[in-house]
Every structure is written in C-alpha cells, then in structure tokens.
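First comes one chain, alone, set out as structure tokens in the form predicted alone.
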Amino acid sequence: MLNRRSFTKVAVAGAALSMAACAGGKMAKKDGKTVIVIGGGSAGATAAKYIKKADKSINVILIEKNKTYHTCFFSNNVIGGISDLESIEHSYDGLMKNHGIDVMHKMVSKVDAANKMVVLSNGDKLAYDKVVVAPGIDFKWDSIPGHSEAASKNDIPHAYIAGNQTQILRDQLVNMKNGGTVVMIPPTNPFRCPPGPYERASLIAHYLKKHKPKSKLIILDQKEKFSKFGLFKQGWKREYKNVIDWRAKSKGGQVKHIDTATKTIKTANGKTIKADVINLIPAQKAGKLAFDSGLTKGDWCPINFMTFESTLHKDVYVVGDAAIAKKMPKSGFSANSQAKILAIQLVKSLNGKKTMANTRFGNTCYSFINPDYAISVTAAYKGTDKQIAKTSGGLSPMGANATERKALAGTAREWYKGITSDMFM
C-alpha cells in the first residue's frame, strides 16, 4: 500500500539558476552541461527533477507553456462533482525553489536534432547537450465522421487534457436538465489513461444518480472490452444498473456519424441517438511537437527501451504518453516511473558512464466507481534491448467487500498526494 511518506523522497534544496541571456535570437549556453526538458506534465516534471537530483552540476531547463499544470488523473473527480478544479492544480515553484531547475513558460516549435537546438515559437534557439521531449498526446479529429477540433472546444468537449476542458464538461452536466441524456464515446486503442473513460463514466453516473436521477448515460464504445472490464461491469451493476447503458462495438456502440450542431449521433446499426451532453474522446497520437521534430514512426515515437533515447535522433529522449513503451500503459504512474529510469540513464550517458543493461518499471491505475468504491490494476515491468515486458501484476479482487473498496479509495487519494509531491516538489 502506497502512502505519501513511502512514495515521496524529498531532495535537499538547491540554489536557483539564472536564465541564459538572449543574444541575437540564440540563447547563450551556460557553462557546463545543459539538459532541456520540454513538457511539464507527469513525465517531463519528473524527468527534470530526477536529472537534477542525479547530478546537481547539470543545467536543467524545463520548458512548459502553462504556468500551472492540471493532472489528468483525478480530473474525473472534478467532472463528477466530487472535487473542484483547484484540487488538481499544481505549480512549478517547488522545482525551481527546491531543485534549482530553470522553468521557462514558452512555446516550442521543434527540436532541431541536427544542430542540437530547441527552437522556440518566437524564433529563439537554445543549445543543449541532451534534450528530453515529453509532448503528451494529440487527437485524430477525424476519427469520428462529422466531428472536428472546432466542435471540441466548447460544444462537445473531450476533457482529456485537464484544465479548461474539464470545467466545460462539468458545467454542461450541471446545466443539463434532470431527465437528460449524456453520451460518452471512448477512443479506440491505444489511448492515454488517465483520465480513464470508464472511471469517468462511473463518476458521471454517480453525479446523475445523486442530483439528476431521471437522467441516463449511454456509452457508445468502439471496442468490445477494456482494462478492468469485469471490475467495472460489476461496479456498474451494483451502483448504476438503471443509469449506465454500455454498448460494445458489436452491440450498437460503433458510431457512424455525429452532427455536432444538433448533438445527434447515428450508429452503425442504424439507430439515431439525440444527446443533451456529449463527451467524445477522439482516437489519439503523439503530441504535435513530436511530429514537427521528426520523432515519430506512425502515430508514436520509437525509443530505446532501456534508455528512452529516440531511435531516430541521437541525444533526444522521448518519455511518457508519446513513447512506444510496450507493454506499459500510457498513464501518469507509468510516465513517472519511466522518467526516473530515463534520468539515471541520461546522466550516465552524459557523464560518459555505461548505462544500465536492465531496467525496472512499475504502474498502478486506480479507478473510482464512486467516492467510497475504488478498483485497481498493478503491474511490474522489465526493460531490455528488445522490449518492455510485464513481469507480474494483478487486479483488485472481484469479491472485495464495501470496507475493502473504501480502503482502496483512501489509498488512491494518498497515492495522489504522494505522486504529485514527487513530481512537483
């Protein structure tokens, strides 16, 4: 069982570094070795912190466009009305004050691997010795006919990048009439989790059951099953028998077309569904920066499974959701685990030392059925030059009683405190 004390190891505070001065569009490189980390989410923030912890002499620059970060994990609690948006908001002050990491709130256009430069959107360039790219995900907007990026901004939010989108979906549920219909369209595989669509369905159902009991939630799934399938179905039968209507792809779940203006959905079996609120989560791919930097092969970024260095460009590392890290899921816990191994391997390489031949990773995904009912899946992994393979793991038991489910919910909340402290403090 994880708790804050056992999960978090606090580093000795370091002195903050001053930013490099700009000289004619090219940022003057500081003395010593410089590592730039692009992206301040679960992967990027962890990588920046643990690189600095491994070698305090390295200049670590974290570039993140947003001044605050909202975690995707636990954002479903906000949508379900259990907590507010502020509860998942984190700043970068701890990384600056406690570890001496330079944080730049800038947009990055691309990584110029040939010249070892990070190019900012204003044209400025920063030189690096090594760069870590943690771009997260982007969406395939045309994965559902009729849908568009424009429609997702307000009318049909994906709420899959936490923050403003989270609040939009929350507000739509609050403003919906009692007796309304919510339709969720989960993405095809592979997709990032959290914020898991099936936990989200559970917590939306919890809200509807409590505040709008005449309403219903229809899940039009593009798949036949999903992670923790049995545990979710058991929880839904117990808690939301008359609220959730889950339809597998072969049972009417496949969407043929969506009219975003009227919120009308046509399914492949000829049915038409009129919704009051639609949460459409498109199919996914690596973040735009990965494509613009030439780091992708297909939809995702190929890496060395032991070091996370790109197989396409030397001294460029890719970590988190964008990386092809089979068999690890694209989760916040996975990203945090991967980033720590990356930090060790990168620092060894930067200092001319031999990298580890075998690596170990972990992942646990907690999901809430309601605030006092949680389920989980846990796994351990081993990285070799061929793959990242699962070595052990399991699910929380199907036969757990209410006390055990509530205890696991408490563990999940403690885990959140621990992992966010580990990332940002």
Partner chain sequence: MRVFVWISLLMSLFYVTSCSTSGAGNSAKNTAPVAKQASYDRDYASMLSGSCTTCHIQGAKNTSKIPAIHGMEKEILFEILKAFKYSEYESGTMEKIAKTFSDEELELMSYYFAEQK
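Residue numbers count along the first chain shown, from 1. Just so it is clear, the structure is predicted and the values come from calculations on it, not from any experiment.
What comes next is about the form predicted together with its partner chain, which does not appear here.
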{"property": "One stretch from 154 to 162, 279 to 287, 216 to 224, 332 to 340 that, in the model of the complex, holds residues within 4.5 Å of its partner chain by heavy atom", "result": "332 to 340"}
{"property": "4.5 angstroms heavy atom contact with its partner chain in the model of the complex for P371", "result": "no"}
{"property": "Partner proximity in the model of the complex: A113 to its partner chain, non-hydrogen atom cutoff 4.5 Å", "result": "no"}
{"property": "Contact flag, T378 vs its partner chain in the model of the complex, heavy atom cut 4.5 Å", "result": "yes"}
{"property": "Any non-hydrogen atom of T359 within 4.5 angstroms of its partner chain in the model of the complex", "result": "yes"}
{"property": "Its partner chain: the contacting residue among K297, K251, K348, K140 in the model of the complex [heavy atom, 4.5 Å]", "result": "K348"}
{"property": "In the model of the complex: members of 108 to 145 within 4.5 Å of its partner chain, any heavy atom", "result": "none"}
